[in-house]
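What follows is one chain in structure tokens, specifically the form predicted on its own.
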Amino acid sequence: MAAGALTRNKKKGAKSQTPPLSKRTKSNITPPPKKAAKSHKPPLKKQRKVISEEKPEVSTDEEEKEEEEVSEQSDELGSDFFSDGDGEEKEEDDDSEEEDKEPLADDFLDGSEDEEGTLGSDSDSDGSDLEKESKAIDEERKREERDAKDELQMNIKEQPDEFRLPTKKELEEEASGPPDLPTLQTRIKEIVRVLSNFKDLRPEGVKRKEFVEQLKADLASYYGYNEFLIGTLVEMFPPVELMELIEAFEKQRPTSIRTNTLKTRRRDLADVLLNRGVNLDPLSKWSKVGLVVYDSQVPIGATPEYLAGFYMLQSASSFLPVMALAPRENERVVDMAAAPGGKTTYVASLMKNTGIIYANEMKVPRLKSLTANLHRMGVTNTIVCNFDGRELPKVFGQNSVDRVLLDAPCSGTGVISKDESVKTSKSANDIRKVSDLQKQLILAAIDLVDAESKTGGYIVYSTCSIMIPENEAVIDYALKKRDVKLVPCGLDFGQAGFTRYRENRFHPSLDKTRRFYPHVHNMDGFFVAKLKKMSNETKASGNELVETKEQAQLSSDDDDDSIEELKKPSGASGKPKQDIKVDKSKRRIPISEPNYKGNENKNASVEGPRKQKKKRSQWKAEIAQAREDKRKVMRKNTKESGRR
């Protein structure tokens, strides 16, 4: 019993004296609390003495168990247990071990407390540092906000809330020196802001007209427009949209090309050009043949594909009139202003080189580029001619073709980004002259078209201008003079045309026309209208009807006179022919004897215009006969050339 109790005490003493290495390492990393450290305190001295005095020889099994439980550092202590010395030596060894161990334990306990103190102090110092840094950041942020508010208040004090127009003295000072562009830009922005909400931002005692006039002057000075053009643009567009339009005119439009479907497909052409280093994309959903070019490592107008006629350099806006015309195969089509041939070749590709296209160009120098492009693109159904467009109904004959494309000459106010000289070179007189020419051309185009055509009877009118006198006013004039009506253009995008402008009121159907702007559609400014000819008769106003009736009556009277003169013999009376005419006029128009002289004067005044009308009718008859003879000769020549 004593031996068993002794072995149990030995195990307890051994376990309590030497803890495992893993536990000690953990305690070094994270020191345990004080209570846990006291639980690992070695046994008392008296207990160790009793154990050493009564300790017998230990079996090997117990040694193996102890070796498994004890760590590597306790091997020395175990060797003391297995030594063959006397009990006194063992007791001395135990005392020495106790003395050695106790300071270690004290150091261990003291170290844990010190470590705890150091860690606590470090954590406290770190926390205090973080708190100081956060306070400093908050103070810095508050100081910046305070400075920003102070600066804003200073700016508000410097600039008044209400915008003030410059005085005459200030304007004179500005005019005396070079233009101050930053000042002009700031003033333009402020004026546009006030005009966009003039009801709420209106200064007291200042009219809207004053703001508008100042805006015109500033825009003309800043962007370089003349007074007429900038005034017209200000009247057409609201202030915000006006600024967007003018800014868009300052930027170049993207380069676009049109695939020639007579020779290739768009996908194949895009693959070839991509391999040559051309960065491109499809133009848009509304076009199946267009490509937009962003940049190119090779000249886009000198590639082998261009020279072979696979594509045509053409602006996106030039696609629109041909798409609106929508020509069909085996039709007779006239392009009244064809050079340089972009629209003509597009029409030919849509017709698949069938039918006949008359490509007319009035300016001889431009015929070279037109002919060259037709040959390069492989067009074989086109006849190039050089006539004044107003004379084409006399050349081809009235009501002789199915469709007419009239891309009329214009002022070019829609392509300012390409030609900045338009800003200063156009005047009201130029617009009026061009408008008169366009009205004559559109009437000639309508006269060319056959209203009874089974597939056609359409006229497409287009300009690269945004001026209303060149667009809506011309179409309204055609609606009044000819039996035509406006039809949808077949284009899914674009803004509707004007039905009213200032004092002008146009036909309500003009909303079927389409306008295109650079700031909205990213293409040149353009106008497209499509007309359908309803009959081959011409409309006439009330004055024209009266004139035609008077002319018919006078001509019938003249014919009666000539017939009677032929029936009478030459010597029937000795009176001259003039007396006979006067007698006949007296006989036709009864007069009273008292007013004979006055009536005679009236007859003389009436007889004067009769002779003039007679000469005019003879002149018209001669012209008509000459035209008919010319047509017969042309038909005869064409038949002979066909036989050859």
Partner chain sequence: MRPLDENETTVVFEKIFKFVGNNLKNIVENPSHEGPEQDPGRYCFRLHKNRVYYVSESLVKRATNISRKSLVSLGTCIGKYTHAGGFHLTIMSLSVLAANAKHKVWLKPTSEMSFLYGNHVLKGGLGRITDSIVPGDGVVVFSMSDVPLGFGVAAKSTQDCRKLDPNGIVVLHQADIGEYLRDEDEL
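Positions refer to the first chain, counted from 1. Keep in mind that what you see is a predicted model, and the values were worked out from it rather than measured.
Missing here is the form predicted in complex with the partner chain; even so, the following discussion is about that form.
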Answer option from Arg332, Arg515, Arg482, Lys426, heavy atom within 4.5 Å of the partner chain in the model of the complex: Arg332
Listed residue that, although the partner chain is not shown, lies within 4.5 Å of it in the model of the complex (heavy atoms), from Ile137, Ala372, Ala496, Leu274: Ala372
Triple contact flag Pro304, Gly355 and Thr380 to the partner chain in the model of the complex, non-hydrogen atom at 4.5 angstroms: yes
Residue stretch of 191-199, 242-250, 386-394, 208-216 approaching the partner chain in the model of the complex, non-hydrogen atom distance within 4.5 Å: 386-394
4.5 angstroms heavy atom contact with the partner chain in the model of the complex for Leu280: no
Contact flag, Tyr225 vs the partner chain in the model of the complex, heavy atom cut 4.5 Å: no
The partner chain contact in the model of the complex: Lys368, any heavy atom under 4.5 Å: yes
The partner chain contact at Arg376 in the model of the complex, heavy atom, 4.5 Å: yes
